[in-house]
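Quick setup: one chain, the form predicted alone, written in structure tokens, and binding and motion questions come after.
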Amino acid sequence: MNYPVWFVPTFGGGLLIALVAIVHVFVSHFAVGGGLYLVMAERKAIKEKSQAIMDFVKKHTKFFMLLTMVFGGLTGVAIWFVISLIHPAATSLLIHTFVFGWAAEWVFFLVEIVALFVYFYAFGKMDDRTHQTIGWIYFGAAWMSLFLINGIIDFMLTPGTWISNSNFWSGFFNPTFWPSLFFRSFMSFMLAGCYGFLTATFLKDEAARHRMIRYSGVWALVSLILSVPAGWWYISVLPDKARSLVGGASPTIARATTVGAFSLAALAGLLITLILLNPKARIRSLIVIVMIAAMGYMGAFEWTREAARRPYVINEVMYSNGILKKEVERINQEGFLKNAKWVQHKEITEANRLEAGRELFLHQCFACHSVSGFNNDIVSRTKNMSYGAMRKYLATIHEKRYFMPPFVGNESELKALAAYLTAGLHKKPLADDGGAVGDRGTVLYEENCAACHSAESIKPKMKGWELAKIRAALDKLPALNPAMPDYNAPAPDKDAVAGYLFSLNNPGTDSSVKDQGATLYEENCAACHSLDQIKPKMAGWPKKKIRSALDKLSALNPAMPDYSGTAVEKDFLSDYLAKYTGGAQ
């Protein structure tokens, strides 16, 4: 809102950050785990007086120097470049909160660079004790970088009491600091072990090759085992809503955790098998799979951690679109565009509605959604929704799907955004309540389901389902899929949606109207009037007369309360009564 938007429609902001960040996270964890691995492997070479293992350690050192110093340095700068363009508001808040933390981290990074250079170029030129001391300094500086960055990254997920006191230490030693530090340390050791597991296969000295394969495999397996309780501890201290997302309430996280679980199982299984196998059976292709599984486990964790913050970029503080939570109420009253510094349209008119809607999309949605791009494509996700359905969906988007930020702005701005997402992207008509009467199931489906499930995609999945089964499923959606929220709607609305879904595979059925009217009658009238009693009294009434009567029941009979249903519900009820009593349509 206070910064311009860097518009890269195909990639979207979130994907760019994810790609750069995850690559850098791999490299930085390699640096930490590699530091310890190098020192311990050198110690093993000295103890066993093995020149082959010592040469192996030196080659590893050169790789870590190129990977962590050169490539890691480039990706580290890239992260700052991307987050400052995609999330300038969050970047500013983090810098202002942790400026001394960042400064300390850069000091340790400098020590890490110098120590690694000395360690590599001094191989064979220093006594063993001094050389190993340099190695420990390299590892210590790398681990301290992790220690400092860990506090800042986890602040974004669990800011804790910083929200109330704005204290540096409250934010740094936040609720997930320690479990995350242990988990990340074990992950970094595991990655380094897996890499050594792979590169040891290139050793020409057969005895040294098998010793280092086994040594690296045990190293990786022990680290992996220790990471599991640390990860469990991490999850246990998450806030309830974040834990719910990790538990399956977010489709994105559900996919990531599935990848993580399979990677963990494959990694543990292969490591155990390959360590126990006859050395000749340790073929390189299997060990390559170990490395891929290790990266899958690590990548799934990072993806999950990022997604668990949703709908915030800093949990309970700033939404993923850069809007502070504490400012939402004020902006809703004053209007978003009026408060936004980098928009062309401050007021919405009939002529600029689509352009203003596009500006609202850029400032409130683009941080997570691409436009016809690779990740969270807004075009495909909105193609099934009408303008009226979109407008209602946006009004309750955060309540229906917790991981989506609420729309922030006034009513005319909400309509402008809905207009851009439907008429602007899909050339759909801007009819306010088109199709609401007489096709209620379709409208309700568009409002509540179509953002995730197109009719074409759900039709084959429900083939052969009876109407009753569909209706029952709407009462327990999370039981069908943990990523789906409960559909908290009145029974008549669920009847209407069930009827619509049933009609997808049974064209020509009118179950939605029939069941909707019958349910409304049972809920509102049947306690006093059985159908057999009411039929002779209404014999011959046209539908129009029944519909009119439902608007003034107390005028017909003072003993009857007025019916408080919506206009659409009265339409369904009058349809039902007209059909049952034989009235003209």
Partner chain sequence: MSPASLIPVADTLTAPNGWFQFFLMLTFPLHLFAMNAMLGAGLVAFISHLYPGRAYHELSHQLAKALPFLVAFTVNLGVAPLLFVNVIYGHLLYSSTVLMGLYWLAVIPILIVAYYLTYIYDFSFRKLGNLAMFVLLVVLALLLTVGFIFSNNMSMMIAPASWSRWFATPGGTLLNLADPTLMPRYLHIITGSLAVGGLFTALYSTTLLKSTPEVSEVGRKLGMQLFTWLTLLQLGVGTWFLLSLPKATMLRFMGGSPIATALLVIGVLLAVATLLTGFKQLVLPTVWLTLPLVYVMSFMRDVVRGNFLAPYFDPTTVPVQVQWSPLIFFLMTLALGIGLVAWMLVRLKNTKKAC
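Positions refer to the first chain, counted from 1. Quantities reported herein were computed from a predicted structural model and do not represent experimental measurements.
The same protein also exists as the form predicted together with the partner chain; that form is not shown, yet it is the one meant from here on.
- A heavy atom within 4.5 Å of the partner chain in the predicted complex is found for exactly one of L93, M404, L198, I289: L93.
- Though the partner chain is absent from this view, in the predicted complex it lies within 4.5 Å of a heavy atom of just one residue from N481, T161, T273, T130, which is T130.
- Although the partner is absent here, H363 is a contact residue: one of its heavy atoms lies within 4.5 angstroms of the partner chain in the predicted complex.
- Not displayed here, the partner chain is approached by P88 to within 4.5 Å at the level of heavy atoms in the predicted complex.
- None of the heavy atoms of K427 is located within 4.5 Å of the partner chain in the predicted complex.
- Using a 4.5 angstroms threshold between heavy atoms, K341 counts as touching the partner chain in the predicted complex.
- Residue heavy atoms within 4.5 Å of the partner chain in the predicted complex occur in exactly one stretch of 180-188, 473-481, 69-77, 487-495, and that stretch is 69-77.
- If you check the partner chain in the predicted complex, you find a heavy atom from every one of L16, F117 and M126 within 4.5 Å.
- With contact defined as any non-hydrogen atom lying within 4.5 angstroms of the partner chain in the predicted complex, the contacting residues in 155-179 are S166, N167, F168, W169, given in sequence order.
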